[in-house]
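The data below hold one chain only, encoded as structure tokens and taken in the form predicted alone.
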């Protein structure tokens, strides 16, 4: 028998218990042993849980689980950094196989946890940390083991994608779409980690670990959220043949690609062409597009959050580490993830096309001053449209799309334009993917 201990039993933990019970016979045949949830550490043993859970397994004392030599696998689904990090390190040092769905913990301390697991000869599995039920970690670690990843980009936060989808479809404001998402359970009461991009940045750091072997601090990833996107931006994007999505983007730069060049990692809203696959990922769905140097393009899409989708990935990890333990090859998949410090490319060096929206007073010479400020810094305009006409004191929107330009030049031009007396509001800039 494989005995499992759960650290936490909220939404995802409950899903894990349900799947283990529902698929018990199939999983036993696959592993060669039955899987039993033996201990469950929670804050409140009186709280109502999924009916499949044996309440006799509940405890508030993590030591009861960690010091039990009969526990084979420790599954962390409690979230946050501490005490999760401390408890996982104790589990690893005790020689237990470890499964986690904690993207924040991995983004900030994944390198240390993986190195400790390697030294101890145990597996640290984390498929559920990115993309819910999408098997992106397995694809990057195993299916593409013979290839190298040139780039990846994805929609990895369902809350932000739902909000942007509702804004695009029905012209809702950000605030109204957010309230709707909260009412449907798609957004937390405090949605900051989702809508400000932090959750997506954590997931991108985890993806970079597996795709590029990057040991880095997820807090260093340049990150922008979606609070500043307005219905008018969706309308202009549609007019130019794009939709607005919140993307996590990673690519290797410079000479010697695939051999340790600088990494360009960034999270921000982007205009995506309507006929692109990512433009057609709607609602709470997630999708990750991978470009392999030999494989070429590959897309993975599915439900990126929730109890059962994420539990599917967590239970798959439990099965993998259980099989490895029974076969005497524990730690093999962890050893396959080789990390090294990587240099993060500066956002100043990013080269992209851009969308600008200027709210300006309709006065003679304004367009010349805008285009002059851009042109002096090497930013070339591809398309331009002015929405309506105003008086000298009533602002109008002027929207421009650029040819490929350097981020440092764009930011320098926007600082000059934003400080001008003809600008009613700070300029809006969105990169074009």
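Remember, it's a predicted structure, so these values are computed and weren't measured experimentally. If you superpose the two forms and keep the largest set of C-alpha atoms that fall within 1.5 Å, you have the rigid core. Numbering follows the first chain given and starts at 1.
Keep in mind that the form predicted together with a small molecule is not shown, yet the notes after this line are about it.
Within this chain, residue 9 lines the site of the small molecule in the predicted bound form, having a heavy atom no more than 4.5 Å away. Taking the partner from elsewhere, residue 140 is found to have every heavy atom lying beyond 4.5 Å of the small molecule in the predicted bound form.
In the predicted bound form, at least one heavy atom of residue 128 sits within 4.5 Å of the small molecule. Residue contact with the small molecule in the predicted bound form: residue 43 places a heavy atom within 4.5 Å of it. The stretch from 323-331, 207-215, 71-79, 349-357 that comes within 4.5 Å of the small molecule in the predicted bound form, counting heavy atoms only, is 71-79. The contact residue chosen from 117, 237, 265, 101 relative to the small molecule in the predicted bound form is 101, the criterion being a non-hydrogen atom within 4.5 angstroms.
The contact residue chosen from 55, 403, 47, 389 relative to the small molecule in the predicted bound form is 47, the criterion being a non-hydrogen atom within 4.5 angstroms. For residue 53, a C-alpha deviation of 2 angstroms or more is recorded between the shown form and the other one after rigid-core alignment. After superposition on the rigid core, displacement of the C-alpha of residue 142 between the shown form and the other one stays below 2 Å. Core-superposed comparison between the shown form and the other one: CA of residue 82 displaced by less than 2 Å.
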